[in-house]
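Next up is one chain by itself, shown in structure tokens, the form predicted on its own.
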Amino acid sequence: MAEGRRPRAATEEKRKRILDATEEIMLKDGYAAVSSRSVAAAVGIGAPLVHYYFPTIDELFVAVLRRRAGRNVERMAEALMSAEPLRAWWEQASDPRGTAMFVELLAAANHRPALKAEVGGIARDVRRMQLDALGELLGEYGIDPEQLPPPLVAAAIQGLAFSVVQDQAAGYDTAADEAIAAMDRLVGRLEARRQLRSDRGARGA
């Protein structure tokens, strides 16, 4: 039985190394630097072996997206169920490495229909998860959903994180650090308000 499992384990390990190498190339040199040759060189294998596991570069990009999206969806679900949902959400959204990878995948998707479709589907599902959670959470934070509806709050958090991290990575002088600090303070105040409202509710009960 052990002999029968070895090829599968070796295959999964080789796929993981190829995906890891692809991510590193994208983060260092951009998605356009990804090719069977560049990935093969990073892994230390022949280019034909990259095509054995991923017949096209599109399939390689989609695999990178699905692997990273799977992790991010799990982390988002955990964040929204955590003791401080907005803080956990903001920290995840503003993670430099994750956002930088998303920027590259979005750029690649502009030229690759298969990848664009995958990105669109994942973005839709994650946003639905966020909106469902915000439907309950906004009241806990004392936020009027009529003035600040869930779609606006979700877009503001994700959009700000995307913008400031992208500007930081590019070295643009856009006061990104100040924006992040201000958002950190805002989230802190909101979490404190939510805790206070919860404590008052518990005492009232």
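If you're wondering where the values come from, they're calculated on a predicted model, not measured in any experiment. A residue's number is simply how far along the shown sequence it sits, counting from 1.
Just so you know, the form predicted together with a further copy of the same chain exists too; it's not on screen, but the next bit is about it.
Just checking whether T56 would be counted as a contact of a further copy of the same chain in the model of the complex - the rule being heavy atoms within 4.5 angstroms. No.
Is Y31 close enough to a further copy of the same chain in the model of the complex to count, meaning some heavy atom within 4.5 Å? Close contact exists here: in the model of the complex, Y31 approaches a further copy of the same chain to within 4.5 Å, heavy atoms only.
I'd like to know whether V119 contacts a further copy of the same chain in the model of the complex, with contact meaning heavy atoms within 4.5 angstroms. The answer is yes: V119 has a heavy atom within 4.5 Å of a further copy of the same chain.
Taking heavy atoms only, is Y172 within 4.5 angstroms of a further copy of the same chain in the model of the complex? Close contact exists here: in the model of the complex, Y172 approaches a further copy of the same chain to within 4.5 Å, heavy atoms only.
Counting any heavy atom within 4.5 Å as contact, can you tell me which stretch out of 172 to 180, 134 to 142, 47 to 55, 34 to 42 lines a further copy of the same chain in the model of the complex? Contact criterion met by 172 to 180 only.
Is a further copy of the same chain in the model of the complex near all of G70, A79 and S82, within 4.5 Å of a heavy atom of each? No: none of G70, A79 and S82 comes within 4.5 Å of a further copy of the same chain in the model of the complex.
Going by heavy atoms, what in 127 to 142 lies within 4.5 angstroms of a further copy of the same chain in the model of the complex? The stretch touches the partner through R127, R128, L131.
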